[in-house]
Every structure is written in C-alpha cells, then in structure tokens.
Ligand SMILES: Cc1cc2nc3c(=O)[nH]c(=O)nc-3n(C[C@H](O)[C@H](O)[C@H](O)COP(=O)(O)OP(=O)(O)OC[C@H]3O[C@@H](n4cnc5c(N)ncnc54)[C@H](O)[C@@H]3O)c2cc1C
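Presented below, as structure tokens, is a lone chain in the form predicted on its own.
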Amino acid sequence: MYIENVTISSNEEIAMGIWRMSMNAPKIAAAYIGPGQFINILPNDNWEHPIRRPMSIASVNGNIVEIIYKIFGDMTHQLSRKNSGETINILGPLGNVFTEWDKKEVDPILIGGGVGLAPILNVYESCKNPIMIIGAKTAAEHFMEHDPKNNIYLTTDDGSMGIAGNALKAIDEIDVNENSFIFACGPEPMLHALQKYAIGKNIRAQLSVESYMGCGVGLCQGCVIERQNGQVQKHSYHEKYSLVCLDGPVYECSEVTFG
C-alpha cells in the first residue's frame, strides 16, 4: 500500500454522468494484485474536503491505473473537472480480489450495476468466454452495446436499451448450470437479490460490496457489515462484524448479511 501523488493522463465522460480517469501511478500499479482492489482518492487537498473517496480499479496497464466513476455529489463533480497533467493524491492498492474466475471448471457470470461495473470490467478483460451483465437506469448511462450473441447483456430500469429491468431479468435469459459462478459488484439491493438467487440455485457467488470507506485502512470504522455467523456471542464484535476495507470488498455470498 502506498500514498502516491500521481499525474492524470486522461479524464473523460464516457456516458451520461459516467467518467473514466487514467493516472500514471507506478508504485500503486506495481503493488496491484488483481480485480476487486480499490484506491482511496483525495480529490482536493484542503480542509474543506479532508476525507478520501474509494474508487474501484477498472484496469492496470503498465504504470497506468484506471478508474470509472459516476458523479454523485460535490467531490465527484470536482473530480470530473480535473485535467490531464494535473496531480492528485491516492492511497492504494487496497482490499482483496475476486478469485477462481480463471479456473477451467468455472463458467463466470459477471454482473455490474451502477458504478459497480468498474471491477467487473476488470475481470472481464482477463476472463475467457464469460457472460457479462451490466445494469443502468437508462440507455444514456451505458457506454457499450447490448450484444447477446457475444454474451454481453445490458439492462435498463426504464427499458430504453437492452433488457427492461434489473440484472435478475437478464439472468433469466442465460444458461445457469452447476458450474456457473456469479461475480458481482453494485448497490446493496442488487447484491442482496443476487445473494438470494445464488443460494436458491445452489451456485457460488462472490460479491464486491460498495461501502463508504473514509480511511481505507480500518481506522474510521465507517464500513461495517454484518457477518453471517449466528453462533457468536454478543461481545464477539470482530466475529459478528466485518470491515469492508480490510476484509473485503470481495466476499463469498454466504459470508455477509445485507439489511
């Protein structure tokens, strides 16, 4: 893990409110171990905005680290105004990784919702013949084509592109078998629904949990999620709860409880 002042190589809007930023970050790129990891960005180095923002790594190529982010508020808006050549302070790489997607006996189903598409695209670039499902509210938020012949399924809440509905609607159109393995990242309601689906179908799933990780190193305790462990005593805090930044963000679907 490093704290690194990096130079922005590019920062462009690729769909409505969706931006891609590339940074020259040699130390963090060298320490990167795989899809699922994230960085914590300090968009502005001032006392008005002292808290970092977690961003999943979308790709690493040489010294270049890339993220894909969505404008949600003031800080991501300020991030979108950064230009090539400017510097920014980032902490990383942080967190664990997706595993087993590269095994021969695994048929990967990659599912991304909202800004959760970044780590999913990261896995997709390394997978052989995966099925990928990407969800968005409307067609304007997509930056790729709905292409079922090549196992790329896009969904929209308003039905303006691809399959109308959420990711589970798209799963109904694909072949799910005993070798299927879901790898997903997105908002909590989506992950909760996928968790129920995977358990009901008796297939494995790994879920990358989105959480507010102010420090990224376990100090602020802002990213607590409950473990699925009903046997622990009331005082066993570390057995009952998990810190997403340290233990995650990737979990087996049977490990955590949503809601």
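Computed from a prediction, not measured in an experiment: that's the story for all the values here. Just count from 1 along the sequence shown to find any residue number.
Not on display, but discussed next: the form predicted in complex with the ligand.
> Is it the case that residue 80, even though its partner is missing from this view, gets within 4.5 Å of the ligand in the predicted complex, heavy atoms only?
Residue 80 lies outside the contact set for the ligand.
> Is there a heavy atom of residue 156 no more than 4.5 Å from a heavy atom of the ligand in the predicted complex?
No.
> Within a 4.5 Å heavy atom cut-off, is residue 68 in contact with the ligand in the predicted complex?
Within the cut-off, so yes.
> Does any heavy atom of residue 194 come within 4.5 Å of a heavy atom of the ligand in the predicted complex?
Residue 194: no, not in contact with the ligand in the predicted complex.
> Which of these stretches, 114-122, 130-138, 170-178, 144-152, has heavy atoms within 4.5 Å of the ligand in the predicted complex?
That would be stretch 114-122.
> Contact check in the predicted complex: 32, 92 and 247 versus the ligand, with a cutoff of 4.5 Å between any heavy atoms. Do all three pass?
Checked in the predicted complex: no contact with the ligand for any of the three.
> Listed by sequence position, which residues of 189-221 have a non-hydrogen atom within 4.5 angstroms of the ligand in the predicted complex?
Result: 209, 210, 211, 212, 213.
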